[in-house]
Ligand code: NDP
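Read the single chain below, which is given as structure tokens and is the form predicted alone.
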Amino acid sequence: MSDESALLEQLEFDPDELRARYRAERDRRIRPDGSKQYHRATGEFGYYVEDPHADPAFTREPLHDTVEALVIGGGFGGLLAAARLRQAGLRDIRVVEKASDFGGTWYWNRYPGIHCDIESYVYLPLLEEVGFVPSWKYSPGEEIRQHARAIGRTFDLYGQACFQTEVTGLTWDDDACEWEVATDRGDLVRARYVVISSGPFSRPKLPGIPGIEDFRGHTFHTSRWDYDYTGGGPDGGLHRLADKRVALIGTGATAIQVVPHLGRDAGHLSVFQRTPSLVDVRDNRPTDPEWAASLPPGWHRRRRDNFLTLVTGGQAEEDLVADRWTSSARFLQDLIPNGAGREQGLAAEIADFRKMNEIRARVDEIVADPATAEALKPWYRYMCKRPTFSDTYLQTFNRPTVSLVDTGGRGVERITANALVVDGVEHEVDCIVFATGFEVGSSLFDRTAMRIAGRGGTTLLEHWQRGPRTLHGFYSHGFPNLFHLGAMQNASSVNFVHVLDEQAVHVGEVVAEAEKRQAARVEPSAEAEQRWVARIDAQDTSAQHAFHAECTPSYYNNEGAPTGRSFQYAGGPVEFYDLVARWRAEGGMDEVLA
């Protein structure tokens, strides 16, 4: 008997039945309009992206000055870039941010129950530099936002920052070796270096449900939570909903945190579900003060590196984080490409089936009503959607004032002046809360009105018309002294803030060397750029594509239509950052400094 036959014989379930169930659940969720099913929050829906925390009367005189570096984006990516440039010796650093303060995702998202889903001791950056240990294993959003502000103060970034401002254009001046930066406030700032870190989790998207514009009740998106309407704050206490019938559309990571508060405080909550989330144990707890006081210098990097190694399939003597991410690390490789120890084939699939059977059994253990429990079970592979974690979400459906409206994978049929319609049944509500995510799949050019013109007037959009063209994801030929942060032709991880920090460190090292050599330009040659593009294009991502093709629709697989092309480095983040560190150490900077 073969090893495979022996494995199958010992199983307590039928893999073929599970595969068929997964495929059937996927198929009924496939829509012909794919990712076009969502509305952009523009035009008549533009109010969904307005900043509820900013002063609408804010104004200032346009700036016409020069800085050494200008960073676009004030989230963790931009803050890290600015901090590492400060450590590289630059004095004049300006961060331009469309919000009214630093924080990025954590500025916009202040909904009740918001926490990070990666352990805060590895998620929050620059902890030792700021002198801070988070108060919880998984920090609440306000603590994270305040930490972002503390980074701004620690690295003296507030003095030259431009808030409530968007960059509209970058134009390279080859004679002066500077970028001219234009903004929507009439600024014309010159900068030797520009770093773009405009993250994707700021612009909300809306479902393209017929009649969405006809609803006469109250609506808002979770990233622009309306506490004037609900009462309360990020810790809950939504007392103004006590007599309201509330509908929540969306059951992803945000909804998992919001539902327990809405379910407790609303007169009645109806959760409209297209695809259930995978909900694992959270087990959040306060930080032990004695443990925090005992941490030796360098603890933060060691802990982050340990987590990154484990969740990307590597080996470590000890699991320092020891949570559901690290215990489920063997399944994460289906999402994050990695060259180290990736399991393939039937054994990995069987392990995935067992884990998902565990997740589904937990639903039965918690949810009292059998029909509701069945509708809440996720029928897909572990990393078809980002896993979620909660000790209160499933329990909320045991409340008599909470209803799950399962749409059978199709979504809400239409919206009327006072109701949402599913299977011809009208569900009357006073308020609709959209927990429908962000424009994650859109490009930099789609998310902004920014025009980037490099040497000779060639735009970056023209240079990238057949796909991104960079060296290591950081810079492009013809666009000197312009750096990009993000996963494009670079590496990714479930803890993306750690990835952003590694990228910022690299940018800081390159700029420090440029300053040391008094180099006028940081720019890869056309040949170096082409070699990297060819390397990315030559990667075998067929296994990852096949996995995503079988997944339930989500932004992970372009709503059920995976492109088959990946712009990420397939070896994973540990391998990638070892590669760029060796590149720096072994003379690689000679090919970008002139």
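The first residue of the shown sequence is 1; numbering continues from there. In this text the structure is predicted, and so the values were computed from the model without any measurement.
Below, we refer to the form predicted in complex with the named molecule, which is not included among the displayed structures.
Proximity to the named molecule in the predicted complex holds for none of 195, 476 and 531, with the criterion being a heavy atom within 4.5 Å. This chain is drawn without the named molecule; in the predicted complex, the residue among 80, 255, 507, 72 with a heavy atom within 4.5 Å of it is 255.
For the residues 435, 133, 241, 321, the 4.5 Å heavy atom test against the named molecule in the predicted complex is passed only by 435. With the named molecule omitted here, the record of contacts in the predicted complex names 115-123 of 358-366, 94-102, 158-166, 115-123, defined by a heavy atom within 4.5 Å. In the predicted complex, the named molecule stays beyond 4.5 Å of every heavy atom belonging to residue 499.
Residue contact with the named molecule in the predicted complex: residue 251 places a heavy atom within 4.5 Å of it. Proximity of residue 353 to the named molecule in the predicted complex falls outside the 4.5 Å heavy atom cutoff. Looking at residue 386, you'd find a heavy atom of it within 4.5 angstroms of the named molecule in the predicted complex. With contact defined as any non-hydrogen atom lying within 4.5 angstroms of the named molecule in the predicted complex, the contacting residues in 91-111 are 106, 111, given in sequence order.
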